[in-house]
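Taking the form predicted on its own, here's one chain by itself in structure tokens.
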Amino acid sequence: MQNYQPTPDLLNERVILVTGAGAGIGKAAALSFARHGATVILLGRTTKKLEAVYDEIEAEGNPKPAIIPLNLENASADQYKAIADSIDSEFGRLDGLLNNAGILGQRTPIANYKPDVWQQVLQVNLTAPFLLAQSVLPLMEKSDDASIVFTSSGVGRKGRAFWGAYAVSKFGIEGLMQTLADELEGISSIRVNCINPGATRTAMREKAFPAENMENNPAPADIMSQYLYLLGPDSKVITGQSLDAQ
């Protein structure tokens, strides 16, 4: 579906939660979903960034979004449950979840990897998406057509030197996606997939590849077709898959 062309009203009436929505791919996804009719819930660490995305969505005349500030590094299971309860109270259901937030950690050999950084990366990139998905599953069961999308990576399919906890966390995400998809297939309206954004013009990519010419990579807004496909009704029969955005 690399040449997928979404209709303007693809996500009308859908409620979609996006993590890491304050910048980069998360921001681009939130804006794109809103432009296609979704009510977007913006979750991220920095309230000021979320408010800027909120304002941009409103200025374009799209459905009014919501904001949930949360630091994934130390959020507790109770906080995720409170988020689910809040969404239930305000919207009554959840149609989509894009688990996009992530951190890079160190680019260094395993032998030199700092244990505290290892824990931090696994917490943000793997444990947080698990806790959030788990907390909103009952809400998503209220939707006739719900989609969970986890953000993967090429180094989450084949390990590469010096990618450390980041690579391991993305292998974990692929496993989490496959396990959850298999558990829900045939008994639930929820489908579960991964998307690998590929080389994209983001702050994380620049940190990982400081010598790379970022202008050679597409902007986040240019890779949204696969995200729209997975969060919209046209992918209703797709589950347990890991797709590439490029």
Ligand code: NAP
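These numbers were taken from a predicted model, which means no experiment stands behind them. Residue indices: 1-based, along the sequence shown.
There is another form of this protein, the form predicted together with the ligand, and it is not shown here; the text below is about that form.
Residue in contact with the ligand in the model of the complex (any heavy atom within 4.5 Å), chosen from 119, 71, 108, 134: 71.
Look at 135-143, 98-106, 111-119, 85-93: in the model of the complex, residues with non-hydrogen atoms within 4.5 angstroms of the ligand sit in 98-106. The candidate spot formed by 6, 41 and 147 is out of contact with the ligand in the model of the complex: none of the three has a heavy atom within 4.5 Å. The closest heavy atom approach of residue 197 to the ligand in the model of the complex falls within 4.5 Å. In the model of the complex, no heavy atom of residue 189 sits within 4.5 Å of the ligand. Using a 4.5 Å cutoff between non-hydrogen atoms, residue 203 counts as a contact of the ligand in the model of the complex.
Under a 4.5 angstroms non-hydrogen atom cutoff, the ligand in the model of the complex has residue 23 among its neighbouring residues. Along 35-55, residues 44, 45, 46, 49 each place a heavy atom within 4.5 Å of the ligand in the model of the complex.
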